[in-house]
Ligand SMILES: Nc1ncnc2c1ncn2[C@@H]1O[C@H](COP(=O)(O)OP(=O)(O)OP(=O)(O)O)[C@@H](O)[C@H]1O
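Here's a solo chain for you in C-alpha cells, the form predicted on its own.
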C-alpha cells in the first residue's frame, strides 16, 4: 500500500497530527465560534479542520467545497451534497427535501456508489435568494443535532455574479446560529481579507482569524520516516529534513515528493539524494504536459520573469539584479508580469516574497528555461 497521500483530505494513519492547533480548534468548535482558517496552499488546512471536528465527540461534519463555484445553483447543489454526506437516511432526506421544496429537488441514486444524490432545478436556484433556502436547511438540521460547517476555498464565492447578495443571504442566517461553528477555509489571503476584513462586507469581523503554519519539523520528519518504513524503504531523518527544506516545508508538496521517491524505489532500497532526479522525473511524467500548456499561455515577458523567479527567488523582484537577469529594465513591466502570473495562479505573494504555487513547476522551469 502506498504510504503517502496528498492532494486530498488526509485521514487516519496518513495524517500527521498537529496537537496544539487541533486542541485550539476543538475548543472553538465546542464553543460555537466561527473561524477563518488561512494559510499557504497545500499547507493542510482542510485536513486539520476535518480532524479537529472529528475530535469533538458527537459532532457532525457538514463539509462544502466551493472551489470553482459558478452560480447560486452550484452553491445549493454543493451544500446538499454535504448534507447527504452528513446523513443519507431516508427520514433525514425527506426532511431536507421538504425544507427546499421551492428549489424543486429530486433524489436519485448514484450509479457508481449506490448512494442518494439530490439534484435541483437550476432555474429555481438561479439567484442569491436560493442560498437562503439551503442556509435555512442547515439551520434546521443544526437544531436537531450539533454540527460544524466547513466551507472550503470560501474565497471563490466572490466569483459569483451577485457575490455581495449571496454573502448577505448567508450572513443573515449564520448570525443567528450561535451554537454552530462555521469554519471558512481560504488560501488566497487578499480575497479572504475582502470578505472578512472589509468594512462593507456582510462578513466583516464575523469570525476569529487563525493561521495554519507548517507542521513542526521534528514531528513531521518523524512521521515521514515512519511512513517510509511502512512502505519498506530505508531513509535517514537528516535526508527527510533536507527534503522538507527543498519544497519549503509545505506538507502537500513534501508528501508528493516522498510519494515520488517511494514510487521510483523498491522494497528494501535506501532512499537518498541520488534518488531525487528520478523522483522529479516521475513527477514531471505526470504533470509535464500541463506545464507545457502553462508555458505556451505566457507572453515572452512573463516567461522571462518566471525563469528568473525560479533561479533567483522572489524577494527583490524590482531590483537591478532581477531586472538585469530578466532583460527587462522597466520595473513596471516586471510588476505587470508578476501580477498576471499571480492572477492565473502560477505564483503567489506571501511574507514579502513571490513564490511558485508548485515547487515542481519551479524545478521544471529551471530545467526547461534555465
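Note that this is a predicted model, so its numbers are computed, not measured. Positions refer to the first chain, counted from 1.
From this point on, the text means the form predicted in complex with this ligand, which you will not see here.
Work out which of the listed stretches, 198-206, 133-141, 263-271, 215-223, brings a heavy atom within 4.5 angstroms of this ligand in the model of the complex.
In the other structure, the partner sits against 215-223.
I'd like to check something about residue 34: if you look in the model of the complex, is any of its heavy atoms closer than or equal to 4.5 Å to a heavy atom of this ligand?
Residue 34 lies outside the contact set for this ligand.
So in the model of the complex, is this ligand close enough to residue 255 to count as touching (4.5 Å, heavy atoms)?
Residue 255 belongs to the contact set for this ligand.
When the contact criterion is heavy atoms within 4.5 Å, does residue 338 count as touching this ligand in the model of the complex?
No, residue 338 is distant from the partner.
Just checking whether residue 310 would be counted as a contact of this ligand in the model of the complex - the rule being heavy atoms within 4.5 angstroms.
Judged by the heavy-atom cut-off of 4.5 Å, residue 310 is well away from this ligand in the model of the complex.
Using a 4.5 Å cut-off on heavy atoms, what residues in 186-202 are near this ligand in the model of the complex?
Going through 186-202 in order - heavy atoms within 4.5 Å of this ligand in the model of the complex - there is one hit, 187.
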